[in-house]
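One protein chain, two forms: both are listed below as structure tokens, the first as structure 1 and the second as structure 2.
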Structure 1
Amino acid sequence: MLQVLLSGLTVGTIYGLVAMAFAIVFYVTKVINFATGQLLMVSILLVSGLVKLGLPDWLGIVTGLVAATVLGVATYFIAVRPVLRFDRFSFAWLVSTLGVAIVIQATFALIYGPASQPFPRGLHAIPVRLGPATLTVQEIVTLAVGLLAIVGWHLVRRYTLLGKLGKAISTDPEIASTVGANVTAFAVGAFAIGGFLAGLAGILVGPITYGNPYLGDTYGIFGFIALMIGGIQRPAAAMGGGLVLGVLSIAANTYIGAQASDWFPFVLVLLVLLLTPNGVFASGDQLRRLFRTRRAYQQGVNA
């Protein structure tokens, strides 16, 4: 049971990082970047390719993270900004970001071919016993990064302009710009953070899995499912959705069957959308608002 829990949390952290990449972009721009999964794939394949050429692992990792971040920003300028400038209420970004995803995937398939690429095992080759369970140092680092991502976003939301004004910009960018907010800079920042998180997820999952040009589809879909489970309005809740998805998927794979993780996430997200359409953690926020409203009403009656 402990092994299932820890393995599920590790996988769930990867899903959660991708979900946070989706959520932070949505937090500022009200756009879902459907090329996010491909940014994860880019970081994996670049590291694999550069290490194969004999370059140090650290240089490959830095290059992968920078490339994912730059491609995230490029996606905004190529596929999102022109659409929003024409009509900010349009959903054409759905097609344009999917187009970017297809182009990235096709480009890397042309360069690397369809075969899986080995990734440096690094810390994944070092096992650590935790009672009856076993994790690798790589998996422990992954869990720590997930925790840091949540704490980091909390600090960004509370103490930076991106966190404080992001919601206002996404709600009405015209009014935000009239009071001095640089809407483009905020959007670029959100896409850069989203690209970095997706690339980081690739660096963390690379030693555990493999790399090929089509891997982005899988993690993009599972990250989006995690986003729906946790709630699209809060990036930290998106990480929570990833953890829930990871634990339940590994449990289904262990106790139901080896192929359960292929279909179980879709059943899970369907149940979540039927029962709590705004996400599991968003429902908790709604309950707290309801209790606060009821308390305020009672205080008004008593007064």
Structure 2
Amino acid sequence: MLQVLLSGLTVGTIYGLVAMAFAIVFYVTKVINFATGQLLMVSILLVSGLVKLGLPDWLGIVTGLVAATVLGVATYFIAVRPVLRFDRFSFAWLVSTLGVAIVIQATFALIYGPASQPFPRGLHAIPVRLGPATLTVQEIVTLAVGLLAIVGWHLVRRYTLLGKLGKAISTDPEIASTVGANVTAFAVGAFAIGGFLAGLAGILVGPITYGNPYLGDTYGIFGFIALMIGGIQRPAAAMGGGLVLGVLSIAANTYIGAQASDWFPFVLVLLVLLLTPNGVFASGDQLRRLFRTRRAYQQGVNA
């Protein structure tokens, strides 16, 4: 039971970090960066590649994180800014960020070949017994990073302009710019944080999943699903969605059957969505909402 919970939380933290990377970008720009999973892959493969060349692990890790961050920002300038300047409300970014994802993935496949590369085991080789459960040091670090990410985001949201103005910028850049906010700088900041979190998730999951140019697909999908579960409006809730997905998957594997994680979390999420249409963690007043007689959009009429 404890093992299920801990394993689930560890796996879920990875999904949650990717989901937060999605959500922070969305928070400021109202864009879902579909290349987020590929940024995770970039950090993993760079570590694999550099360590193979004989560089120390820490240098590989720093390079991986920097590369993911830089590529995140590059995605903004190449694929997002041009389409948003044309029409803030179009969905063109879906195609352009997906295009960037394909380019990153295919380029890394060209360079590294399609097969998986080893990743330094590092802290993952050291087991720690916690009562009836066993975790590795790497997994404990993962849990700690997840906690840090939530706390860190809370601080950013409370005490920085990015956090405070994020919502305002996404709703109306013109209003934001009248209060002196440089919209581009905020968007760059969001994409950088997104890239960094995805890269961080990569470093944490690397010893478990190894380096493969196509990894972005799998982790991008799980991160996206976690985002859906948690609700897209609040990055901290996205982390919550990841934890829920992780624990539910492991619990389904343990108590229902090995393939139950293919469907169980989704069926549960579907039910939850139909009850609370804005995501599990979207707002605290979901129960109150249930008792309301009118639908939310009609308040818009009244506004």
Partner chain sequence: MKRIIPGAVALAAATALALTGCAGDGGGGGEGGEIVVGGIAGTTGAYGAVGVAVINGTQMAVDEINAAGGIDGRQIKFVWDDDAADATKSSQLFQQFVSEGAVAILGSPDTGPTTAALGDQMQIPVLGAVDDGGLTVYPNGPDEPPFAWTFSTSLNTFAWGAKIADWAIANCPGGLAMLHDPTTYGLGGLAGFQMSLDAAGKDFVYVESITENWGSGATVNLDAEIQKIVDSGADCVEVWLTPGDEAAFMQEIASLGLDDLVVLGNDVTNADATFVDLAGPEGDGMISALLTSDVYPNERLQEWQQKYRDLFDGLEPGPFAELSYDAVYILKQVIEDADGATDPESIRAGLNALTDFDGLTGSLSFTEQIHTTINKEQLTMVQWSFDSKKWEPIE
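Residue numbering: structure 1 sequence, from 1. Fair warning: this is a prediction, and the values are worked out from it, not measured in the lab. By rigid core we mean the largest C-alpha set that fits within 1.5 Å across both forms.
Asker: With both forms of the chain shown on their own, indicate which is the form predicted in complex with the partner chain.
Answerer: Pick structure 2; the other is not the form predicted in complex with the partner chain.
Asker: Can you give the CA shift of Gln259 between structure 1 and structure 2, in Å, with the two forms fit on their core?
Answerer: Spelling it out: core superposed, C-alpha of Gln259 shifted, distance 3.1 Å.
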